[in-house]
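This document starts with one chain, in the form predicted on its own, laid out as structure tokens.
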Amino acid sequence: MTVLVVGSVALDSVETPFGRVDDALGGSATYFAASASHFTRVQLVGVIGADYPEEKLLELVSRGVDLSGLERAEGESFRWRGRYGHDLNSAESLETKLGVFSHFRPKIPAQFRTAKYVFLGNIDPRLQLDVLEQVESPKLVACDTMNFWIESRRDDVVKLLGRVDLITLNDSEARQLTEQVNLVKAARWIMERGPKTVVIKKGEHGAFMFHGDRVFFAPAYPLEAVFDPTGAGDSFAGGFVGYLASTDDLSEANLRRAVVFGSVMGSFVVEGFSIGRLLEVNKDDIAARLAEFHSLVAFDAEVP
């Protein structure tokens, strides 16, 4: 099954304690596509400016990412510049230039509208809702959001909840949206408004999945070196939704497997800057890390 992703395609300049990179490929749709392309074909909808180095996207095309929905507009591309300290869980935004992204109105090509799996990247919830008017009977609609939209467009975010099957968000976003300190209560609040499944990401502390009355937890992979956490959440979503699309199985057991595949892909992307590490890994690398994830949580025990 093909996955449709709608989101940002940006150029990031990032500085961490381990190095820096300028004008590297970034954006929610870019990270998602690079991750999901390991499992299935991806259709991408976004916008870039006239200054965007399109040749840098050719490796995504070679991996089966269809960029025919990527709009080229006059003006500057979306750029973000940020810095991480030794606490890699939070970035200091130094500069954000929306450029052509500030006028982005997603136009879903006719050949993309029948996609059965749809991921709405972190964009204005009004645009996410507009995308849903352009697609035809998807089997799964998943979305992401962020603190900015929760604060400025909360009513639209809540409206979106009634139109999606699954939402991924981090713990602070979940608490802000629901005004619940406890994450279990926050997840229940969200599910009562529409989504059947809620994935709450906790960065280096793993991710919770709430589905019906069941809770599943996957740890984060313990890495010795984390170079750049930018895009980790979108890479998680790419692995999660990409795996679901490849198996076309939405059972609870498969959703649990998808969480682990998401965690696997998120663990790869932080090992380098931009999407570079995601473009290097292969199926054997993914299988090996999947086995390592299994060993993290597998145990036998009897009550003495």
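C-alpha atoms forming the largest set that superposes within 1.5 Å between two forms make up the rigid core. Quick caveat: nothing in here was measured; it's all calculated off a predicted structure. From 1 onward, residues are counted along the sequence shown.
The protein also exists as the form predicted in complex with adenosine monophosphate; that form is not presented, and the subsequent description refers to it.
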**OP:** Please run the contact check for Gly203 against adenosine monophosphate in the predicted bound form: heavy atoms, 4.5 angstroms, yes or no?
**Re:** no
Original post:
Looking at the partner-bound form in the predicted bound form, is Gly233 within 4.5 Å of adenosine monophosphate by any heavy atom?
Top reply: yes
Original post:
Given that the partner is absent here, does Pro229 sit within 4.5 Å of adenosine monophosphate in the predicted bound form, heavy atoms only?
Top reply: yes
Original post:
Hey, in the predicted bound form, is Asn122 touching adenosine monophosphate, heavy atoms inside 4.5 Å?
Top reply: yes
Original post:
Heavy atoms within 4.5 Å of adenosine monophosphate in the predicted bound form: which stretch among 27-35, 259-267, 46-54, 61-69?
Top reply: 27-35
**OP:** Using heavy atoms only and a 4.5 Å cut-off, determine which of Phe104, Phe208, Trp80, Phe112 is in contact with adenosine monophosphate in the predicted bound form.
**Re:** Trp80
**OP:** Could you check which residue among Gln134, Gln180, Thr96, Ser172 gets a heavy atom within 4.5 Å of adenosine monophosphate in the predicted bound form?
**Re:** Thr96
Original post:
What residues of 137-159, in sequence order, lie within 4.5 Å of adenosine monophosphate in the predicted bound form by heavy atom?
Top reply: Met146, Phe148, Trp149
Original post:
Does Lys97 show a Cα shift reaching 2 Å between the shown form and the other one after rigid-core superposition?
Top reply: yes
